[in-house]
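Heads up, the chain below is alone and in the form predicted alone; it's given as structure tokens.
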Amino acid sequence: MKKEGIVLAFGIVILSAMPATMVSAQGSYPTRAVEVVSPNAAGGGLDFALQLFKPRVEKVLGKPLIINYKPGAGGIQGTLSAKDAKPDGYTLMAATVSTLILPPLTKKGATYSLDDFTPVCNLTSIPLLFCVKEDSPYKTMEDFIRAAKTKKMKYATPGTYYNVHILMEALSRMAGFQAIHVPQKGTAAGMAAVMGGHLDMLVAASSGQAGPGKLRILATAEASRLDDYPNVSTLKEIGYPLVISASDSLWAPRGVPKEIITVLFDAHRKAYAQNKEEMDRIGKTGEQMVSILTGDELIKVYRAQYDFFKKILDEMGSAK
């Protein structure tokens, strides 16, 4: 899936300006396999992004990437494991907003923060969609909002305190309606509930929901319309300036040397540059878009989302 306005940020390494020790470190790393801890189970959207990059980055690094799945407690288990790893560049962590930002805001057991990790790069971006049953009487998001002001709508998300749950709460406050949240065990379950007429709307990261016999997309939370859905409005253009995307990203424990972070970023940037057409095509099958961001760009995005979600959670009275 393509989207306008995506900028690939390329790190520039000027070897002549580096201290000798830094050049040496870059030349020797990695000398063995690099572990990537995934706080989510295999087979989901985060795993899709990791598998998209894995074989291509391995060719650049010359060493294998070993994905270690450590799901549990909404991403807390794996994230804490990566946090406590030795900061030598041989243990990394895959993350989403729902594993790295939201648990520390909502769960007492999530004893970590953004400051405990060093951003490596963003991998992919996934749009957040508002969907109804294909034969729903609501043809536009404006139709749905008008109806929601007269009756209690029921909406599905993949789970409580996911980014899409808080996004819908933010929209309802901004638009002046109240809706009943009915969390599901994943996007597929939410899709089935809406298709079956049991719930009015699904709010979820894009995962093949739209199409004949499936769901109709009423709006996205993107900055601009998606190329694959040019007739679908953004929340922003109908008067609700909520711009949020899901993303899959790569982090390291705090304290990993900058030169190692540079090697890792350059490997992912180069892997995409060498395989852009293929990776874009594969990414589209999973409705993900490759979106390489530098560590500095990535941390800005996550801090902005942290501020947004904290504000809404405070208004909901749900922050821990």
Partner chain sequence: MYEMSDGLLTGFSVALSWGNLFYCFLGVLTGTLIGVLPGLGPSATISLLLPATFYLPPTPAIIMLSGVYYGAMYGGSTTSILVNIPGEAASVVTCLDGYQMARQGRAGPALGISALGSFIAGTIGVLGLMIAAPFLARFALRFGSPEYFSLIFMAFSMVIYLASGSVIKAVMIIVLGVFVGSIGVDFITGDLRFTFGSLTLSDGVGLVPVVMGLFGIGEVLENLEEETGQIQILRTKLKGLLPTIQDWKDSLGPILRGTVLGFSLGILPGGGAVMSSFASYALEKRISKHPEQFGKGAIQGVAGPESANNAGSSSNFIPLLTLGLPCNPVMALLLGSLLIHGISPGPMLIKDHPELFWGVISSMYIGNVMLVLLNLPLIGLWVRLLSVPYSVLFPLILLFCLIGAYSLNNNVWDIIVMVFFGIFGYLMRKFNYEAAPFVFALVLSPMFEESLRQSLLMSEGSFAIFFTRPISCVLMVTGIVLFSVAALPWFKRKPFRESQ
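Numbering follows the first chain given and starts at 1. Predicted model only: the values in this text are computed from it and were never measured.
Below: the form predicted together with its partner chain, not depicted.
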Counting any heavy atom within 4.5 Å as contact, can you tell me which stretch out of 241-249, 118-126, 140-148, 177-185 lines its partner chain in the predicted complex? 177-185
Of 29, 48, 272, 265, which one comes within 4.5 Å of its partner chain in the predicted complex, counting heavy atoms only? 48
Exactly one residue in 223, 85, 114, 195 has a non-hydrogen atom within 4.5 Å of its partner chain in the predicted complex; which is it? 195
Residue 160, heavy atom within 4.5 angstroms of its partner chain in the predicted complex: yes
Answer with yes or no whether residue 55 is in contact with its partner chain in the predicted complex, where contact means some heavy atom within 4.5 Å. yes
Considering only heavy atoms, tell me if residue 104 and its partner chain come within 4.5 Å of each other in the predicted complex. no
In the predicted complex, is there a heavy atom of its partner chain that lies within 4.5 Å of any heavy atom of residue 43, even though the partner is absent here? yes
Contact set, 108-127 vs its partner chain in the predicted complex - heavy atom within 4.5 angstroms: 108, 109
